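Shown here is one chain on its own, the form predicted alone, set out as structure tokens.
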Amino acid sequence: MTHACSVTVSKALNLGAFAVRRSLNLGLNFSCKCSVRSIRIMENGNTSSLMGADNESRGALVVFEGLDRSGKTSQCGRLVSYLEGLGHSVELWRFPDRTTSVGQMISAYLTNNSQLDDHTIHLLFSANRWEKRSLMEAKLKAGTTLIVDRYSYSGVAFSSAKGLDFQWCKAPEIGLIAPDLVIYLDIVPEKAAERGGYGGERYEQLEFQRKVAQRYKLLEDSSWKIVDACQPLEDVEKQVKEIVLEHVMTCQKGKPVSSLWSC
């Protein structure tokens, strides 16, 4: 059993290391590749994206981020029910995906049943997302909207809050599919700590959550929509529905898929 577990960990870390190398190479070469690709598009009159032609209907990738106990799981579930009621093809995903072999190791760590080096667990979190990347792309292209509870932003925010280098934490995530929309449920750590079940997992500590909130601010970009999670649940839900539906319709009209932090 110990040998099998060691082999599984080794495979997972190899996948994480590969993602780091791939991402670093992509970061070094991408500006040149972007320029070459732009020239080719101008020459050929081809406006197709890296992963699919423009005007090709697809599902939307909607990610929920925020501190622990900010209400992500509740809002994800309500949103999925709402979109299904409108007739959309939609699925709820969560990271880490604890059903995979990598995810089971992460789950043991989060519930304090195992100890791992901070760099190691970060690469395992990243490997957990990479092992679902191909399926994610296939689902989106097939027209399924994915509502995702946590994504790469969580990985970077939590690991860098532990003291790891911010750019090093981002590197393994480069090349994953970029969300069409990030809903950040904004709540002060003290308010989140008052909610039921707080403190049950490794990272649910008030001072640490304050550091995570600071790192999240560094990750905000044009895809983000900030929602006040201190509002009544129904008010948050109403605001989320309005924001998400607009992006779902945009993707159905043919918004290209892009890569995370690639250019």
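Note that residue numbering follows the sequence shown and begins at 1. Quick caveat, the model's predicted, so the values are computed rather than measured.
This protein has a second form, the form predicted in complex with a small molecule, left out of what is shown; the following refers to that one.
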query: Phe95, Arg150 and Gly155 all contacting the small molecule in the predicted bound form, non-hydrogen atom within 4.5 Å; finding: yes
query: Options 175-183, 125-133, 80-88, 112-120; stretch whose heavy atom lies within 4.5 Å of the small molecule in the predicted bound form; finding: 125-133
query: Proximity of Trp224 to the small molecule in the predicted bound form, heavy atoms at 4.5 Å; finding: no
